[in-house]
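Here we start with a single chain on its own, the form predicted on its own, put down as structure tokens.
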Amino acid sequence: MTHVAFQPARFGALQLRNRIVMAPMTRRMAGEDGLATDAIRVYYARRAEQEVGLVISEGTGVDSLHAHDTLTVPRFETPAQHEAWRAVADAVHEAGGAFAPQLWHCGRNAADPIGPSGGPLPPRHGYERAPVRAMEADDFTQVLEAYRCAASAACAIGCDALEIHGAHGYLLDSFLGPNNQRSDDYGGSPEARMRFPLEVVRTVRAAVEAEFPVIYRFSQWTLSDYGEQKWTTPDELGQWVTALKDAGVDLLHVSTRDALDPGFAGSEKTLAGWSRELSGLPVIAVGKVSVTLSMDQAYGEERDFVTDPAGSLALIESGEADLVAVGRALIANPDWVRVVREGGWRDLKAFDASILADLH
């Protein structure tokens, strides 16, 4: 019998040939004009041709002001940029896959950083960084409009869904964590900290068709603190995921360092499993699927190895997740779906960061 992960599935208007997702992975390989290039189109189409069910793009900046960290991050702002992504979506469709752009705002990690609170940033990759500017009323309005325009365009150019990047310490996530020192309506209590991310969700929901699927990606960990825990109990997590559902999210993408790690002490259930149970929404699980290193280790000197993805796929069988997203392993192995489905996971190539320089 074919594993349920490789069987067709439907989530509202999102019809998929299987439950395998290409995880969003930043590569910074667009033109400085923010256009998705032919090479980007070929990159995504190749994974779709190799039977990935849902392709989620790398993070695409929602504006040219503060959303990107480098000029070569693709953007989702202008008509020309939208048309370039239409070509990507069309290529994925021609190969039998579904496509969702990830709408991204780097916030504190942007080239021109803004966030809930101001202050200096430590050097990153050996480079000094400009201090963060605390967002003011005009900034909130501008960011909401950028998300509205990007979401409307994603629907108009024929994408099958979109994902809001609300994880890893970027703008929306930073409102939930310790970097938020505001004392106004956007800081302090859990409800106030959630206010702006939820405003973004409601803005996106209103900008797309009623049945158009909206995915929200969130995480405990951030780029500056891989051990951060925003939700220390299931009740705290439940308040968050229920609020996302009520604001209009259709699927949750739960980003963890390891998809199989327990979500909370004293329980074997994963963070994806808890999120699914508490929200009633379908969930994408992600983290170390068929690789041995976590994200904070993968780009250093340690060597990555191939591992059996059966445990991650079993999350679907057990009802803890509805889909599984594959990241670095799918960069190294465009044919990951076929190889794993046919039982040949030992033949997968290990991920090596050096392959990013000549990726196709």
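The model shown is predicted, which means the values in this text are computed figures rather than measured ones. A residue's number is simply how far along the shown sequence it sits, counting from 1.
Another form exists, predicted in complex with a small molecule; not displayed. Remarks below refer to it.
For the three residues 53, 309 and 339, a heavy atom within 4.5 Å of the small molecule turns up in the model of the complex in no case.
For the options 171, 284, 289, 92, the residue carrying a heavy atom within 4.5 angstroms of the small molecule in the model of the complex is 289. With the partner omitted here, the residue from 217, 108, 105, 75 that has a non-hydrogen atom within 4.5 angstroms of the small molecule in the model of the complex is 217.
Annotated contact segment (heavy atom within 4.5 Å of the small molecule in the model of the complex): 324-332, selected among 34-42, 311-319, 324-332, 63-71. The small molecule in the model of the complex comes within 4.5 Å of no heavy atom belonging to residue 81. In the model of the complex, the small molecule lies within 4.5 Å of some heavy atom of residue 23. Although the partner is absent here, residue 299 lies within 4.5 Å of the small molecule in the model of the complex, judged by heavy atoms. Though the partner is left out of this view, residue 295 does reach within 4.5 Å of the small molecule in the model of the complex, counting heavy atoms only.
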